[in-house]
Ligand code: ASP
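First, one chain by itself: the form predicted on its own, in structure tokens.
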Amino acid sequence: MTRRANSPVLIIHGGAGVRGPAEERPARRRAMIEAAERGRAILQGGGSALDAVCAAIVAMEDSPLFNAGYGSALNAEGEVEMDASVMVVPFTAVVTRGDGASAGTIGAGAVAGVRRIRNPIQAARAVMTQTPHVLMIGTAAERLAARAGCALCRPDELITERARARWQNYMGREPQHGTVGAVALDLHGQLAAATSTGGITGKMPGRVGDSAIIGAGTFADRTGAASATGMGEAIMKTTLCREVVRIAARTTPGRAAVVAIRMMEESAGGEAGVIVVDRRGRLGYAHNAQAMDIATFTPADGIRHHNL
């Protein structure tokens, strides 16, 4: 009996937080649709969920309109420090090192506090595919990224005038946060999640948020995949992405997202948003912030943008 193929689906987010300036919204919408289109093309071409989420994230990291890669928020010293992570199930590539470690069937990789990598999500993928580790930080992560062929740059090349203006405006006030993320299911049943961020405007140097933490900002298992955005400290305290995938295993992803956000708010406070897909290809999302940008792809509806 021939196994029935899955219907490929994708959902991405551009961060949850304050509603952005009205003049930026059309451009953000176009950038979200373009990112979703990159992922869609891979999925409908028979490509992997891992390739799809990474392609979507790279598109948003390359845009100055999102808090990831080029356009990342600046820390208290006016510098860029970026975090990213990726997780995939099943993970078919096996990494064997001199110490005998191997990747197995669950893949995960992350980088934190990097300053010279144009696309941190590619560095996170390199950690997953080229080392026996899950999380690498700072200059060591940058050296690995260089060996893996990731594009490096000077830290100041990642700073946009938009990010600098926001840094000057928000220093001493409520910090501004944001993230980009993507989750997908492919034709072969692979589930993948990826998240990338510049962190919180005005954060202390050395602060690492949820986007580098597997289970908090990114998570995938055989039942679903999720990516989070928002106040990283609250997301980490409640391991938000692992929680939403766990809940989705016994209800719909939409319901799971609402419940997980409410549980986080009640126990840890803070604003956040989360996107999730289950192994049946059902999508869900929820947030408790002022706004959240998402774009979805399903074979039935094509690509749709939602400003929630």
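Throughout, we count residues from 1 along the sequence that is shown. Since we're looking at a predicted model, the values are computed, not measured.
Omitted from view is the form predicted in complex with aspartic acid (ASP), to which the following refers.
Trainee: Is aspartic acid (ASP) in the predicted bound form close enough to 85, 109 and 120 that every residue in that trio has a heavy atom within 4.5 angstroms of it?
Mentor: Zero of three within 4.5 Å in the predicted bound form.
Trainee: Of 231, 128, 136, 159, which one comes within 4.5 Å of aspartic acid (ASP) in the predicted bound form, counting heavy atoms only?
Mentor: Of 231, 128, 136, 159, the residue with a heavy atom within 4.5 Å of aspartic acid (ASP) in the predicted bound form is 231.
Trainee: Out of the stretches listed (218-226, 111-119, 144-152, 202-210), which one is close to aspartic acid (ASP) in the predicted bound form, meaning heavy atoms within 4.5 Å?
Mentor: That would be 202-210.
Trainee: Using 4.5 Å between non-hydrogen atoms, is residue 197 touching aspartic acid (ASP) in the predicted bound form?
Mentor: Although aspartic acid (ASP) is absent here, residue 197 would touch it in the predicted bound form, with heavy atoms inside 4.5 Å.
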